[in-house]
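Only one chain comes next, encoded as structure tokens, the form predicted on its own.
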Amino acid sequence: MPLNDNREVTPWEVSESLGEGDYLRIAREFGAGIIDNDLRNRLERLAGGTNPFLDQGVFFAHRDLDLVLNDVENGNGFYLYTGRGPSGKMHLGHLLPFMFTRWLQKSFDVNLIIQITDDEKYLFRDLEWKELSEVTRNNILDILSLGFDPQKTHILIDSLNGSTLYRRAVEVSRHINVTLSKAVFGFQDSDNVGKYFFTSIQSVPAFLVSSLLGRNVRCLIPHAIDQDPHFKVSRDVFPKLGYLKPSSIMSKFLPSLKGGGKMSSSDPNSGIFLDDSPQVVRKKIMKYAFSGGRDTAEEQRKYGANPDVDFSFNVYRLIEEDQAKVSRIREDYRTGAMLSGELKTMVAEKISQVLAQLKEKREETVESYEEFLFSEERLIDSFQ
């Protein structure tokens, strides 16, 4: 979606790195609400615990999150929907939103649809089906390594679940015209027609439960803010089809190791990948991780560092469960009691521990992979 300053934030492109003020402005221009202290505290109270993604302001904006919480208080419940476009190996930037989604599922004991949009990558990235098939399976195993509930998690793969998706997507598409698609997504006349149709496909999981059950069930979608244009369009269409508007909770991006833009699957030195060895993790952190420290140790001891722009600290604050420890590290780094090299060493070790745990869980999940795959019957049964 074009911003007022001519930069682009779309589901496929973010023109440059974004600062705190940029995120707030984008949310306002998109028409999303900001999660204030009252709403965050209410969510954590109903969830029965705090979450660093909320407390650290990573998930910062929303659409109708308050209505989801109203339903929780009234005993009506909701379900979760999120997704992944399988374009290559997964890195930490891809995984962190799924960590938050897993917390939501566990806290509220709700069903989750994970849509794997292999068709999107075929249309937008010119990847071939054979390549997509292998990447898709690997990405799903990486996601499931987080420990999602097999009884309440439904992996919906677009190319394999067309019978569920297509008719419902057609119903959505009748209410989206070409002019709107061009305005929202920046499409050109030269773009293939599949791109214009894709938003209709991505909309389906947000009302699929309601369609299958024959009654409205509210959907909450955790996603990065660049995906909001899809669901902004969906919210205009759903009432015309008799369904509730989907609710969203939106996150910022985990920046590139180098400090600008997002981590990229096509640039191995822009992020920490889930199959990186401890040696590779340490090398990347020590060599490439953007630092909030000073030019010399002497200056840093005297003036301190800026943890808010430091890649290592910004990852650490999300993967360290002991938030009291995070606060201590932040203060030590800010005041100069901890140097950049010390922080990087500590964070590299912590990341490697997390990756080792995920690898072990991933190997266990290979055998249960089929249990998570979507079927209409299994989804309906999970709501009984």
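Only a predicted model underlies this, so the values are computations on that prediction, with no experimental measurement involved. Numbering starts at 1 and follows the sequence shown.
One more form of this protein should be noted, the form predicted in complex with a small molecule, which is absent from this view; the next part is about it.
Where, among 272 to 280, 233 to 241, 116 to 124, 163 to 171, do residues come within 4.5 Å of the small molecule in the predicted bound form by heavy atom distance?
-> Flagged stretch: 116 to 124.
Could you check which residue among H223, K245, K252, R294 gets a heavy atom within 4.5 Å of the small molecule in the predicted bound form?
-> Comparing distances to the small molecule in the predicted bound form, the residue within 4.5 Å is H223.
Ok, K284, R84, R102, K152: which has a heavy atom sitting within 4.5 Å of the small molecule in the predicted bound form?
-> Of the listed residues, the single hit is R84.
Any chance T136 has a heavy atom within 4.5 Å of the small molecule in the predicted bound form?
-> Heavy-atom contact with the small molecule at 4.5 Å: absent for T136.
The small molecule contact in the predicted bound form: T199, any heavy atom under 4.5 Å | Output for T199 is no: heavy atoms all beyond 4.5 Å of the small molecule.
Would S145 count as a contact of the small molecule in the predicted bound form, using a 4.5 angstroms cut-off between non-hydrogen atoms?
-> No, no contact at 4.5 Å.
Does S256 make contact with the small molecule in the predicted bound form, using a 4.5 Å heavy atom cut-off?
-> Flag for S256 set to no.
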